[in-house]
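The form predicted on its own is given below as one chain in structure tokens.
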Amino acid sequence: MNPKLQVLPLLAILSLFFIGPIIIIFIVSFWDYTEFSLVPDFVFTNYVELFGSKVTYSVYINTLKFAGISWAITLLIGFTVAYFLAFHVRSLRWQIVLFLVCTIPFWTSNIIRMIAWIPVLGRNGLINKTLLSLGLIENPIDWLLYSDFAVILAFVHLYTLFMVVPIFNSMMRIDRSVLEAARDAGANGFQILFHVIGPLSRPGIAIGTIFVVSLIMGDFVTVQAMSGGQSASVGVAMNHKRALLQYPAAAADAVILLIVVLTMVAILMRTVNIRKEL
């Protein structure tokens, strides 16, 4: 059979469930709307209002802040966990067991794992009660919950595994003879980590970055729940417009967000050869 014909079923599925919806969103972003209805048209009103509002820029800055801080923390944790599993756990059986331990939280809903932090971080939560009983604080700490701190903590908890897996995959592909050669050349552990393991793990870091940043940029449930509605993100802004039946305006937000994320992914694709990992 012709290889091109074998690709047709996959192309049809992608066109129906991926490319098609994006095209529809793009078309709707140029529509007009009233308080009660959508008006099929071709106007730039939604984009003009989007770029003409200072709120848009502050929302994107806030979203990028969440993504940047969460990415840095997930990278630190993910790289550490992947390094431990790849180079300090020799048994394949134990590697599998530890991986299963990491994936156990994914057996429950993201929302359940997220709201599980509320009784821990609240004014009458576990952390505040413990600190008060130890006499370390006189009054409950308010910023633990319904704050940017809580949002970032939830993001790190939800998405760290998406950084661990690709980095671990990259590390397992590293030829151990390269590490032995570095030791024979006089390199110490830190030099091997930063000059050999780190650079060779860049494809995994790039893939993990794509996963984590893409998920955070489009998230609205975590931001809304963990900030108590006090912080905004692009996803929250789109959800508010959707709730107000302002679908064309929300579609314009979605198109701009898609362009921003695709630009970030394109930059990452140019810095490392991700295809070697796929």
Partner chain sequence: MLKSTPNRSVSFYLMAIFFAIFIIFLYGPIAAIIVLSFQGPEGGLTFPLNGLSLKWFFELFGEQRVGDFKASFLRSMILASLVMILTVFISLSAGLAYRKKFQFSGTLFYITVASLIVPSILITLGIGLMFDRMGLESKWYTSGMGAHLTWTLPFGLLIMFAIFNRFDKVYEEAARDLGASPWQVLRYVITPIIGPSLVGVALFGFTLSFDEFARSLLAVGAQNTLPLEIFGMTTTVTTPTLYALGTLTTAVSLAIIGISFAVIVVLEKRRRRHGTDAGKGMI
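Numbering follows the first chain given and starts at 1. In this text, rigid core is short for the largest set of C-alphas that superpose within 1.5 Å between two forms. None of these values were measured; they are calculated from a predicted model.
If you look for the form predicted in complex with the partner chain, you will not find it shown, but the lines that follow are about it.
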4.5 angstroms heavy atom contact with the partner chain in the model of the complex for residue 45: no
The partner chain contact in the model of the complex: residue 64, any heavy atom under 4.5 Å: no
Exercise: residue 169 in contact with the partner chain in the model of the complex, heavy atom 4.5 Å: yes
4.5 Å heavy atom contact, residue 6 and the partner chain in the model of the complex: yes
Non-hydrogen atom within 4.5 Å of the partner chain in the model of the complex for each of 25, 38 and 119: yes
Position in contact with the partner chain when the complex is considered in the model of the complex, options 33, 211, 30, 60, heavy atoms within 4.5 Å: 211
Partner-proximal stretch of 194-202, 136-144, 84-92, 177-185 relative to the partner chain in the model of the complex, 4.5 angstroms, heavy atom: 84-92
Residues within 4.5 Å of the partner chain in the model of the complex, restricted to 4-23 and counted by heavy atom: 4, 6, 7, 9, 10, 11, 13, 14, 16, 17, 18, 19, 20, 21, 22
Core-superposed C-alpha of residue 259 shifting 2 Å or more between the shown form and the other one: no
